[in-house]
Every structure is written in C-alpha cells, then in structure tokens.
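Presented as structure tokens, the chain that follows is alone, the form predicted on its own.
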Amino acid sequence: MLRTLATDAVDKIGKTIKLQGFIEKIRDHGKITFLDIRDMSGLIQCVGENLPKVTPQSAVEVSGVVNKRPSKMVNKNIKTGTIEVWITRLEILSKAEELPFDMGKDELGLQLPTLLDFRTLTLRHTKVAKIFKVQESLMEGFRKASKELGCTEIFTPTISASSTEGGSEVFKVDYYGHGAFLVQSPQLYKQMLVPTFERVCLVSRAYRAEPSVTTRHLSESIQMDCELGFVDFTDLLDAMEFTGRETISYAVEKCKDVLNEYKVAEIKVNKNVPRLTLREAQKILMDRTGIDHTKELDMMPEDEREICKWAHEEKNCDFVTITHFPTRKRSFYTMPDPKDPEYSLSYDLLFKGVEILSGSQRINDYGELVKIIKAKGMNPENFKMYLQTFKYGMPPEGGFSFGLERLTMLLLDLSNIREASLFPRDMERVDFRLPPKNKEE
C-alpha cells in the first residue's frame, strides 16, 4: 500500500490508508487511545483500541480506515479536522526516548538557550517549524522579484583573498598556509559580475566577527543581494523598494495562516514608500521626540523605531527609505553625492522599526577606487581582482542586500534573530554554547 499524506486523507473517507509520521500528542483514555500524527503535510488524528505503547516524537507507520468525525468533534484549526483514522495496525519505526520537555503544547515556552541546545528537537514543534516555511516564502518572493528586475542568479565564493569592508570584524582562515578570509558580504564578487550579466542576484552566506551578542545580529547570516548595471540613484531606489515590497508581500500572501497564528498585525505595504534623507529623518525625529540627534552619523535603534512609527502613522506604510548617509561612515566603494560629497548616494530600507536592507550607488571609476582604498589605509594589491574589473569598463551601477534571518524575525515579530536561524552562530555558540575561554589563552 502506498503512503498517504495526512492532508490527502480528507479525500479518502471510507478507504484504508497507510500513514507515516511522528507522534505529536498522545491522549490515552484507557482502552481507547488518540494519537496526533505529524508528517510533512500536517497533522491528523488517529484513534485505536489496545494500541502498543508509544512515546511522543516516535516515528510510526499506521494503517487504518478514514472516517468522518462527529460534527461536535470537528477541529477547525487543522486541514484534517473533519476526519480521523481508525487504526487497524500500528508499527513503531523508531521509538523516541523520554523528552526533556513537553513538545505537545501549542507554545513551547522555552528560554532561548534551551530552545537552541535542543535544536534538532525543538525544530520539530509545529509552530517553530512554520518560522522556516515563512523564511522559505521570503526567499521565493525575493527570487521572484529579482527575476522581474531581469537579474541572473549567480553563486559566489565564501572564501576571499581580502576583507570586503576592510575592517577588523573578519574571520581569518589558514588557506593552505596562506592568509584568507570568510567573506563579510558577497559585495566585491557581485560587482565583478555586472559587466558580464548587467543585472545579478544571489543568495549567500556572510560572516562577521562582531564581538557582541544582540537580538538582531548573527556571526553567520544569509544575505539576499541584487547588483544592477546602467542605473542611476533613482533607478536603484525604485528597484530596491520594489524588491522589498514584493518579497514581503509574497510571503504575507502565501503564509497568511502562519502570520495569523503568530498574531501578526496587518502589514501596510504602500507602493509609494516614503523617502527621507538622514538629515530630514533626524529633523522629523527631533520634532516628534524633542531629542536632537542631528549630529549623529547614523540612526540609532530608537531612531529607526520612531521613524517607522512616523511612516506607519503619517504615510500608511510599514517601510521607510533613508538616504544620504555620511560618506566616511560607508564602505569604500560607496559613491559620494556629487552635490555634497560629505554625504553619499547610499540608502537603508527600514521595516517595522529595524533596518532590513542597505545599499548604494557604487564608484565605477578605477582611479577613484584606488585613491579611496589607499586613503582608508588599505592596500590596492589586496583588491587586485576586484580592481581588474574597473580597468576594463564598468558602467554606472549599484545594489542592495537583505538579511534573511532579520527579515523573518521582523515579519513574525520574533523577539530574537536566533529564533529565525535553523542553527544560529554567534560569539557564544557553535551548535552548542561554547565554554568560557581561558583568560590566559
């Protein structure tokens, strides 16, 4: 007999089927036992008499007859809530040991360290697993939007001969006795492909050795990038906002049930995303809060939250674009504004109070790039392949990059970005929590 998935059983009333899955819940009423079985499609209730003893999370195979549930026993919260399977045979394929906590509750309610220390178990919880269905939909939405922009998807290395941003927050690796780095972003490589394809998109890993633990940063993250050739600053802003809107709108539409389960408020996606320069945003913030941050070179977390409140209330939009950050606070490849070189043709996209994207128009002149690299105390020889691209004709170009885990966290209103990573990496964890370092090391 072929396997039937749980949700397909709805169309097989009166028929004998075979199910394979995991025991989610057990309700033992003596002679009769109810089992909720989870497979890749969802949950289904099974019931039988004198069943062998099973434990939660055990892998089982069940044969039985599909019956309609009595109307008063219908469960409207699951797709199979109108049926149940009367068990004629139950085989335990793999018995689970006693669980360290109750996996049968609607909410796990665990502290974050426990949630992550038992990651392979907690990921089985239906509500936790749905986080990554939403994440998958965000990825699908990004790919769909970038294809509409005409991008070719590329695949770039995660080991680089130089550090992308030129800072100290890099992981150095021994590469056959030579020095190399895990990339902080795919930035340099995606720019190198613009003369080949003109418009590219990619999904990549990014590594940052930031010696801090926050609710919104990871040491290893997944980036979703676009880089576009033959564009000006306005083109870039239009493409960036289109991609952000479409990525989130796609996931919202596809995962309505999950967002409802997580009690996510309606997302306001306005096609006309409000755009403010950093200085304009700081002026609005001063008028709203009375706090003067006009001398700051970037937006602080409380500023991001407040300007998003402004966009929500005044512009009916959960997005806001901030442009023209100080040139000296941006990466070496960021183009200064020709009208005011102290500020750059850069931008951040904020969503629900947090930055989800950063990007800029890039410098496309070889001599200017070499000059800036030297001015920042870096060696042009370390960027030899990157600079080679600009020697032989680079059009006006720019791009942007999303953080997938951060986007997932914000969309579902999770309290910590680690909940939006299958196996999060930070300075305190590689799979399990790292032991304290010996001070003498």
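Everything numeric in this text was worked out from a predicted model, so none of it was measured. Residues carry their position along the shown sequence, with the first being 1.
Keep in mind the form predicted together with aspartyl-adenosine-5'-monophosphate is missing from the figure; the text below concerns it.
Residue contact with aspartyl-adenosine-5'-monophosphate in the predicted bound form: residue 357 places a heavy atom within 4.5 Å of it. For the chain shown alone, residue 187 is a contact residue for aspartyl-adenosine-5'-monophosphate in the predicted bound form, at least one non-hydrogen atom being within 4.5 angstroms. Of the heavy atoms in residue 216, some are within 4.5 Å of aspartyl-adenosine-5'-monophosphate in the predicted bound form.
Heavy atoms of residue 362 reach within 4.5 Å of aspartyl-adenosine-5'-monophosphate in the predicted bound form, making it an interface residue. This chain is displayed alone, yet in the predicted bound form one of 9, 417, 19, 23 has a heavy atom within 4.5 Å of aspartyl-adenosine-5'-monophosphate; that residue is 417. The single contact residue among 333, 319, 325, 142, judged by any heavy atom lying within 4.5 Å of aspartyl-adenosine-5'-monophosphate in the predicted bound form, is 333. Comparing 205-213, 113-121, 146-154, 291-299 against aspartyl-adenosine-5'-monophosphate in the predicted bound form, the single stretch with non-hydrogen atoms within 4.5 angstroms of it is 205-213. With contact defined as any non-hydrogen atom lying within 4.5 angstroms of aspartyl-adenosine-5'-monophosphate in the predicted bound form, the stretch 299-326 contains no contacting residue.
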